[in-house]
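This document starts with one chain, in the form predicted on its own, laid out as structure tokens.
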Amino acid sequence: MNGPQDLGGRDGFGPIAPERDEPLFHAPWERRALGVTLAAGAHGAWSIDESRHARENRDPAQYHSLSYYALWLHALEDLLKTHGMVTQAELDRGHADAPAPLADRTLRPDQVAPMLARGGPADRDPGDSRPAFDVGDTVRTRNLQPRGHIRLPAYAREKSGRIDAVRGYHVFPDASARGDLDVAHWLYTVAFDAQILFGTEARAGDTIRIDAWEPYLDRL
């Protein structure tokens, strides 16, 4: 989707001001927000793509007014409600009326580190599928304007580039965000001349690489 999170190449937001020795959390509630999000995600009711889309699928005014972990909390509330694990009335009251579905699938503290180390592999067996493009092929990204999730940034649509690497066969995030983990496609690294993406303001000779799934690309 053309959500408020897709800021690449956009002006007007001012310079990035990184904090020196930035702490992991700026307030105790942020640590708790991360913990609750991980614990809820361990139920396995949604994918990382659905979780990401829940954070990005917001009105721009709300998105840009929320802090990083406030966005996480709003997204978690939406996911819990969507999957029938909590109601708005329970959230408003601050306590549950009854044990939530999947309440027995708790994540114990000693399970957190192994779970995070294990991750959630997104590669899939390609079977008889073969990549449509090889390294060195020239391609053009499609002008996709979906209402749902997409991992092709707006600044890189309808642009020509070159296949730099074939990264394997992976879960397609656009479908995964809708709850379908069975759809997979070939993933490529595509190299673009920076001036093709950002005009002559970009430095001549610079190259920008993005990872793009096969449905995002046409051969030139």
Partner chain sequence: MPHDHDPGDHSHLDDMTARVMALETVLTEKGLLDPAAIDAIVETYETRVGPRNGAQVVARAWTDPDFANWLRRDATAAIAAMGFTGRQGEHMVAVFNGPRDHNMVVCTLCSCYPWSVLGLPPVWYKSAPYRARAVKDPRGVLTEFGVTLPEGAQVHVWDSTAEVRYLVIPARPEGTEDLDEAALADLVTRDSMIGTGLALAPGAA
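Numbering follows the first chain given and starts at 1. Everything numeric in this text was worked out from a predicted model, so none of it was measured.
Just so you know, the form predicted together with its partner chain exists too; it's not on screen, but the next bit is about it.
A.B. asks: With a cut-off of 4.5 Å between heavy atoms, is G179 one of the residues that contacts its partner chain in the predicted complex?
C.D. replies: Although its partner chain is absent here, G179 would stay clear of it in the predicted complex, with no heavy atoms inside 4.5 Å.
A.B. asks: I'd like to check something about H74: if you look in the predicted complex, is any of its heavy atoms closer than or equal to 4.5 Å to a heavy atom of its partner chain?
C.D. replies: Yes - in the predicted complex, heavy atoms of H74 and its partner chain come within 4.5 Å of each other.
A.B. asks: Does P126 make contact with its partner chain in the predicted complex, using a 4.5 Å heavy atom cut-off?
C.D. replies: Residue-level check for P126: no, no contact with its partner chain.
A.B. asks: Looking at the partner-bound form in the predicted complex, is E50 within 4.5 Å of its partner chain by any heavy atom?
C.D. replies: Heavy-atom contact with its partner chain at 4.5 Å: absent for E50.
A.B. asks: Among the candidate residues A132, L144, V135, L107, which is the single one with a non-hydrogen atom no more than 4.5 Å from its partner chain in the predicted complex?
C.D. replies: Spelling it out, the residue with a heavy atom inside the cut-off is L107.
A.B. asks: Is it true that G8, A117 and D164 each have at least one non-hydrogen atom within 4.5 Å of its partner chain in the predicted complex?
C.D. replies: All of them do, each having a heavy atom within 4.5 Å of the partner.
A.B. asks: Using the arrangement in the predicted complex, list in sequence order the residues of 198-220 with any heavy atom within 4.5 angstroms of its partner chain.
C.D. replies: Residues within 4.5 Å: F198, R203, G205, D206, T207, I208, R209, I210, D211, W213.
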